[in-house]
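First, one chain by itself in C-alpha cells, the form predicted alone.
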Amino acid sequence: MPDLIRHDGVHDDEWTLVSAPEEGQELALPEGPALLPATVWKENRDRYAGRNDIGIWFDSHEEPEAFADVLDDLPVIAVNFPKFTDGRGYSIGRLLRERYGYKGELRAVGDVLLDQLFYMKRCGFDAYALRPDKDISQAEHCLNFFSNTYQAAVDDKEPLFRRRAAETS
C-alpha cells in the first residue's frame, strides 16, 4: 500500500486510483475505497452518489464546474498532475476550495514532487501522493518550507500587508 502525505504526517493510502476503462470495457471496481475518473463517476452518478468509499479524480484538462452540485457527496477528490510543469491542477484546487467550498480531502496525484508541496498546500490541497522515486521523509519540511507568505491563498486569507497592519494597530 503506497504512502500518502497529509498535513499531520505519512499515512497508508487506502484509496485505489482507478483508470478509465478502455472503450467497450466496463469499469471494474477494486475492493476498498476507490477514486474513479470524474467522467466515469458522472456517467454513473446514480450508482455512486452518496457512497463514502467512492471519490473522483480530475485530469488537469477537466473542469470541476460540472460537479459543483455534488461535491458534498464526494469524500475525496484527487487532481492529477500529469507533468510537474502542468500547473492547471493548482487552479482546480483553488476553484474547488474557494469557489465551490469543497470541504473533503483534496489530494494531488501524478507527477508530484517535493518542491511543489508548499504551493499545493496554499491552493487547498491537504493530501499528496508523491512520485514513487521521491523521499517521503522530506515531505514535512517541504510543506512548511517558507514561514511567511506575501499573498493571500486558500491556507491564509490575509496577505502579509494586512497581517502586519493588524500587528501594529
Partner chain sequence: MYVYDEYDRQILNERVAQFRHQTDRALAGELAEDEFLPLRLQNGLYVQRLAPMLRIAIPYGMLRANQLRRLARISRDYDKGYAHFTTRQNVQFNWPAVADVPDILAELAEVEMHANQTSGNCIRNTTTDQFAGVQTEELTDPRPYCELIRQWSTYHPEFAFLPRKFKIAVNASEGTDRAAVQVHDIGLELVNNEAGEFGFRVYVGGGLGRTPVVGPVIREFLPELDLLTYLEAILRVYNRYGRRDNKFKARIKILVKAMTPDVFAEKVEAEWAHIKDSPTRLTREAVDNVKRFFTEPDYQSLDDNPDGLQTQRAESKAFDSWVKRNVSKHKKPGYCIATLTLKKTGVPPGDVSDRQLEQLADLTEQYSFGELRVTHQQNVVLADVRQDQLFELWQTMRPMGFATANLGTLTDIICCPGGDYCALANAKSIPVAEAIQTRFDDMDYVYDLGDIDLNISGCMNACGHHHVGNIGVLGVDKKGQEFYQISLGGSSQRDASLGKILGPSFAREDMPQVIEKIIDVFVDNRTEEETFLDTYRRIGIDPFKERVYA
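From a predicted model like this one, the values you see are computed outputs, not experimental measurements. Positions refer to the first chain, counted from 1.
In what follows, reference is made to the form predicted in complex with the partner chain, a form of this protein that is not presented.
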property: Which of 116-124, 102-110, 49-57, 22-30 sits within 4.5 Å of the partner chain in the predicted bound form, heavy atom basis; result: 116-124
property: 4.5 angstroms heavy atom contact with the partner chain in the predicted bound form for C142; result: yes
property: 4.5 Å heavy atom contact, D72 and the partner chain in the predicted bound form; result: no
property: Any non-hydrogen atom of Q138 within 4.5 angstroms of the partner chain in the predicted bound form; result: yes
property: In the predicted bound form, H11 touching the partner chain (heavy atom, 4.5 Å); result: no
property: Site test, E43, R97 and P132 vs the partner chain in the predicted bound form, non-hydrogen atom cutoff 4.5 Å; result: no
property: Residues within 4.5 Å of the partner chain in the predicted bound form, restricted to 138-154 and counted by heavy atom; result: Q138, H141, C142, F145, F146, S147, N148, T149, Y150, Q151, A152, A153
